[in-house]
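Next up is one chain by itself, shown in structure tokens, the form predicted alone.
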């Protein structure tokens, strides 16, 4: 008799588990090298705690009641639990705080699309370090972590979480229409963005040009100059923030690992300012992401600026295999 497991989950057998553990060990080594102490938080949190930090327009994490009738939830990422941990366990300590983690997270997804509802994350959180220095440090740790697992061709996309939303407000797009456009942007749907923008009535031609050009603007430092030429307060503020972060990263000798992406938008609503996504040329999936969340800690009673990233362990494993195949001259 075959006993099925829920869609979006999987069994891991010994050979693969050894390889996954090797990846985790390499990552922990890098995190330790940079002074990020490993912590662990419960897989289960009170629903009200997770909702304090969540503002995504996605399905909620899995929820259920305990024996006392309290509503619990499986964590959907590690950042919010660590924000809760810092606000309660380190309230009287002196920042900055550097923490790393490896743990499982859960999201309500569409398994028929090949998405996983249970997955392993590894990452770091830097709390109490302002931009741009804190952001540059997080990117440095991220690049070293990718190198440690053999993904030295991986690229870090760098964008600004506030840019497009503020631009839509600036040009007078109503909230409902703006939400539709932002959803398309988060899905990297450039055709969908154009469709939604074309539906806007009374939009200034210059504003339309800016809305359609920005999501396709990717590259090096020249991208910031091109964006500056578009004009507008929202674009100017974002390009100044990105310029300072890019310069701080370049000072660490990592400019060649960063791809400025003005169409980048993460689906986690607590990000503010710089946001990150990790790509590897051998794999079509995003390997991880992160960014700044300077406002999140205020929701937990601690006014700390913060940044971090998370990598998907299983996707790193797949990317490793693809990179090895490419190195051997195999088909891409």
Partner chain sequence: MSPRVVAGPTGPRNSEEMTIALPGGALWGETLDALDAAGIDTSEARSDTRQLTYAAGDFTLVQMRPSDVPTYVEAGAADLGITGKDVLLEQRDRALYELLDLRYGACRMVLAGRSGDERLGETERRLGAMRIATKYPRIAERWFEETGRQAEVIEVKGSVELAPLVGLADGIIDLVATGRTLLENGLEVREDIAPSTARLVANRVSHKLRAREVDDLVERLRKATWT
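These figures come from a predicted structure and were not determined experimentally. Between two forms, the rigid core is defined as the largest C-alpha subset superposing within 1.5 Å. Numbering follows the first chain given and starts at 1.
The same protein also exists as the form predicted in complex with its partner chain; that form is not shown, yet it is the one meant from here on.
Tell me the stretch among 89 to 97, 125 to 133, 245 to 253, 215 to 223 that has any heavy atom within 4.5 angstroms of its partner chain in the predicted bound form. Among the candidates, contact is made by 215 to 223.
Please tell me whether the candidate spot formed by 44, 76 and 160 is one where all three residues come within 4.5 Å of its partner chain in the predicted bound form (heavy atoms). No: no residue has a heavy atom within 4.5 Å of the partner.
Answer with one of 155, 197, 183, 72: the residue that has a non-hydrogen atom within 4.5 Å of its partner chain in the predicted bound form. Only one listed residue qualifies here, and that residue is 155.
Of the residues 259, 102, 207, 178, which one places a heavy atom within 4.5 Å of its partner chain in the predicted bound form? Exactly one residue meets the criterion: 259.
So, residue 324 and its partner chain: in the predicted bound form, are they within 4.5 Å at any heavy atom pair? Result yes; residue 324 sits at the interface with its partner chain in the predicted bound form.
Indicate whether residue 189 is a 4.5 Å heavy atom neighbour of its partner chain in the predicted bound form. Yes, residue 189 lies within 4.5 Å of its partner chain in the predicted bound form.
Please determine whether residue 286 contacts its partner chain in the predicted bound form, using a 4.5 Å cut-off between heavy atoms. It does: once its partner chain is placed as it appears in the predicted bound form, residue 286 has a heavy atom within 4.5 Å of it.
Taking the shortest heavy atom distance, is residue 272 within 4.5 Å of its partner chain in the predicted bound form? No, no contact at 4.5 Å.
For the heavy atom contacts within 4.5 Å of its partner chain in the predicted bound form, list the residues of 18 to 37 involved, in sequence order. Residues within 4.5 Å: 19, 22, 26.
CA of residue 192, rigid core aligned, shift of 2 Å or more between the shown form and the other one: For residue 192, whose C-alpha is compared between the shown form and the other one after core superposition, the shift is 2 Å or more.
Residue 183 C-alpha shift between the shown form and the other one of 2 Å or more, rigid core reference: Yes, its C-alpha moves 2 Å or more.
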